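This document starts with one chain, in the form predicted on its own, laid out as structure tokens.
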């Protein structure tokens, strides 16, 4: 038998024949194995230096959390959460013309790709959970808006809920999970056409938005989807997409050409952040006038609204114009005295927009937001400063709470945030609470 070449010794095999044939050359074979294993270990080292995208966020995450003097991680975790909340408040707070009367259609992907478990427990269950939280928060921030639901599965678009201003009606449509079981492939064109058809009657002063939660990499369309994109641009419909798998060119084109937002969720937390970024009303796009001095400025048109009369539970039952059911409680249209179940809504008889005054007042904070508080970095000696928070009267800590690197992120190392108008100091919790919930400074009333 001719002798083997040196390259043959590097070949690892579990065959019994190879073991018998090479029994006399164990030393040489061992050397070949050692060389080959070192090469393999070197390759493994290179791959470990470049982890996958879904592993990057968890690589050595324990280094970012340090124990405090008492050996507890509570302070470090609270500091990380405060930085994330503070980062949202650093957005520009200038007065921007926004659309406070919004109409949104949420398109849910109900295809088989939503059963993947790369997001726990599955993409489908996580999407339903975040959709419920999104709907509740969206109605809280946009009380004059309305939401409708559309699902896409088996190559069709299914209407899950009509456009409604009552969050309970919208949540009820996605509460029954057995009716939303994923099946087949999605169809972007059918779902967008169904959503576009339900918003054709809306007035021009309200926004038309579509939010797509898309988890597939394919779409089964009956025609040219680019024609649907052109119709959405003509109808001034803003399309936003939150992708759970990867970026698709057609989804990116829909968002870019219609003025929407596009994002690919890297993990569960990022998925929720992408959804909640769409809660504030978008800036209104300028409508150029035909001619004149204000050709580049948007028109300011007045809208007619009606404040209804609320009927108590003891009132005699009457048919409502929205569901044709006998009910005692409800609201009366101030123009035609028709009875509706909930507000805000449009009267089915005279077409008047019926709203309540608290809903209208709550929508103004988007038009006139509270100015971001300035982070106080140091306390000058000899200057007068408050010892407690102006809102909750809790005493400020004497020692610094964070490192100096937090100053670049908008965090105060001493836990003080000052209003630029009234010059009052507030703690971290009150700073976030004022900007997220109250929307009015307790010190100056602005």
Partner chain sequence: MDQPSHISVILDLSPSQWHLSSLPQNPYPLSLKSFLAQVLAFLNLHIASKHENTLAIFGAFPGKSVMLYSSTDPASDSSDSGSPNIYRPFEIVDSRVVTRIEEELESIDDSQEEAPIGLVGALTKALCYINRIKHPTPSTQSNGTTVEDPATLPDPRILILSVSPDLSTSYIPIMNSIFSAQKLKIIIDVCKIYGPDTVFLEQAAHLTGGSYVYLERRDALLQHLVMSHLPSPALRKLMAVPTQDKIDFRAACFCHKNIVDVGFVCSVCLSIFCRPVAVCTTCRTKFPMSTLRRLDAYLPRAAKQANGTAKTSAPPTPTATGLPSTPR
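Definition used throughout: the rigid core is the maximal C-alpha set that superposes within 1.5 Å between two forms. Positions refer to the first chain, counted from 1. On a predicted model such as this, the values are computed, not experimentally measured, just so you know.
Only in words, not in the display: the form predicted together with the partner chain, which the text now covers.
J.: Among 172, 236, 371, 335, which has any heavy atom within 4.5 Å of the partner chain in the predicted complex?
T.: Partner contact (heavy atom, 4.5 Å) among the options: 335.
J.: The partner chain in the predicted complex: within 4.5 Å of a heavy atom of each of 184, 223 and 341?
T.: No residue of the spot touches the partner chain in the predicted complex.
J.: Find out whether any non-hydrogen atom of residue 364 is located within 4.5 angstroms of the partner chain in the predicted complex, and reply yes or no.
T.: Residue 364: yes, in contact with the partner chain in the predicted complex.
J.: With a 4.5 Å heavy atom cut-off, would you call residue 352 a contact of the partner chain in the predicted complex?
T.: Heavy-atom contact with the partner chain at 4.5 Å: present for residue 352.
J.: Determine whether any heavy atom of residue 134 comes within 4.5 Å of a heavy atom of the partner chain in the predicted complex, and answer yes or no.
T.: Judged by the heavy-atom cut-off of 4.5 Å, residue 134 is well away from the partner chain in the predicted complex.
J.: Please tell me whether any heavy atom belonging to residue 262 falls inside 4.5 Å of a heavy atom of the partner chain, as the geometry stands in the predicted complex.
T.: It does not: once the partner chain is placed as it appears in the predicted complex, residue 262 has no heavy atom within 4.5 Å of it.
J.: Among 113 to 121, 306 to 314, 173 to 181, 224 to 232, which stretch has residues with heavy atoms no more than 4.5 Å from the partner chain in the predicted complex?
T.: It is 306 to 314 that comes within 4.5 Å of the partner.
J.: Since the partner is left out here, which residues of 133 to 169 would have a heavy atom within 4.5 Å of the partner chain in the predicted complex?
T.: The stretch touches the partner through 137, 140, 144.
J.: For residue 269, is the CA shift between the shown form and the other one at least 2 Å following rigid-core superposition?
T.: Comparing forms between the shown form and the other one, the residue 269 CA shifts below 2 Å.
J.: Is there a C-alpha shift of 2 Å or more at residue 120 between the shown form and the other one once the rigid core is superposed?
T.: Not so; residue 120 is displaced by less than 2 Å.
J.: Taking the rigid core as reference, does the Cα of residue 224 move 2 Å or more between the shown form and the other one?
T.: Result for residue 224: no, shift under 2 Å.
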